[in-house]
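In the form predicted on its own, a lone chain appears below as structure tokens.
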């Protein structure tokens, strides 16, 4: 028997791998028949001019995968292999519409609201915190973490948000996850499995479209509610029949409005008018507040235990770290723990312990203070450059908070035209169209954009503003 291809497949494989692959292919193609005896290891090694060890390793791999069998003192034979009914491999080719295009970012400038300034991140101190986590938590790193995240990290987060946001909670109430979307999904899956809880959900419009799309795909009844000057319209929330409402009171996304105290109290009063009403407070970038102190969280005002507080480290650290958390009221915590007892935690345990030491050693506080000062300067410079270039043709919602602001431009361009021209001019920018949850008629003379300033360098702002002017200009 001649093993015609064995030892000749691939220049970058070990010899035993080439032999293994060649024999395997001949078995699958039927060139080697069931129960046919293979050459002895010495004979095949001589035939292919390789070592006996190479042939031995190849035979052992084929034996382990079930392609051949051995009979003591007689040798190796071809196993009986079920034949493929379909030999056409064209169906394995990935369709063109599923192939990802790797984007070339050379020459691009960005007004994205989703990024942070990586140039200022203290990687050296983060690595020191990581080394401390490795030294002190070898046992924990070898185990699967608690489904809500390591208790020590939850304890650290509970102290942090009590100090910075006024959130009242115990570590047991915190659930850590790899993104707020995932946490909301887990929560809603839990509530859907509990028949006595209604999951009709009201959400701000314009608002965070990723939440809206997620909840719709979960076949939940989602009600987009228009905003008025103080935030989400309470009367429309009441008439919607919702039992849950998702809001961003500290810096409404995307308009940037800060919800005044009267509307916050109205929302909290809404929860007390019926059983099983809850507010989901998305506090996504509240750490950044300029000119005045931070706005206390809505949860800090809650007297009836009806606010589900969610926060993230994506803005203060880096989005790629994927560390978010939610604080559950005790009644929902009981349901959540019961339904998710077998859930395996989704976040990276090493990153969580690293975060613990980064906070405990005071590095997080130092970093946050530095970034608040840094972002305040960037924000002022960008607003000034936009006003200088656009003059009376721009209105900026100048709310001194967060990492983006809302700007409305006088233009006859459609949102689609703006998006197309932005692509041509290599400017990353997001229009209001992305965040409108219902189909609404465009204002023919005005278009609104969400302008992020975190990642763009001050030295490049003027050029970015000029590109935007060319895009918007009539």
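Residue numbers count along the first chain shown, from 1. Just so we're on the same page, rigid core means the largest C-alpha set that superposes within 1.5 Å between forms. Everything numeric in this text was worked out from a predicted model, so none of it was measured.
Form predicted in complex with a further copy of the same chain: not shown, discussed below.
a further copy of the same chain is not drawn, but in the model of the complex it has a heavy atom within 4.5 Å of residue 266. In the model of the complex, a further copy of the same chain sits within 4.5 Å of a heavy atom belonging to residue 151.
a further copy of the same chain is not drawn, but in the model of the complex it has a heavy atom within 4.5 Å of residue 342. At least one heavy atom of residue 64 is located within 4.5 Å of a further copy of the same chain in the model of the complex.
The putative spot formed by 26, 73 and 187 is not touched by a further copy of the same chain in the model of the complex; no residue has a non-hydrogen atom within 4.5 angstroms of it. 322 is the sole member of 322, 378, 236, 243 with a non-hydrogen atom lying within 4.5 angstroms of a further copy of the same chain in the model of the complex.
The contact residue chosen from 116, 158, 125, 199 relative to a further copy of the same chain in the model of the complex is 116, the criterion being a non-hydrogen atom within 4.5 angstroms.
Considering a further copy of the same chain in the model of the complex, the lone stretch of 275-283, 379-387, 165-173, 359-367 in range is 165-173 [heavy atom distance within 4.5 Å]. Taking a further copy of the same chain as positioned in the model of the complex, the residues of 278-309 that bring a heavy atom within 4.5 Å of it are, in sequence order, 292, 293, 294, 295, 296, 299, 300, 301, 302, 303, 304, 305.
In this overlay on the rigid core, residue 67 has a C-alpha that sits 2 Å or more away from its partner position between this form and the one not shown. When the rigid core is held fixed, the Cα atom of residue 18 travels 2 angstroms or more between this form and the one not shown.
Shown in the overlay between this form and the one not shown, fitted on the rigid core, is a CA shift at residue 416 smaller than 2 Å.
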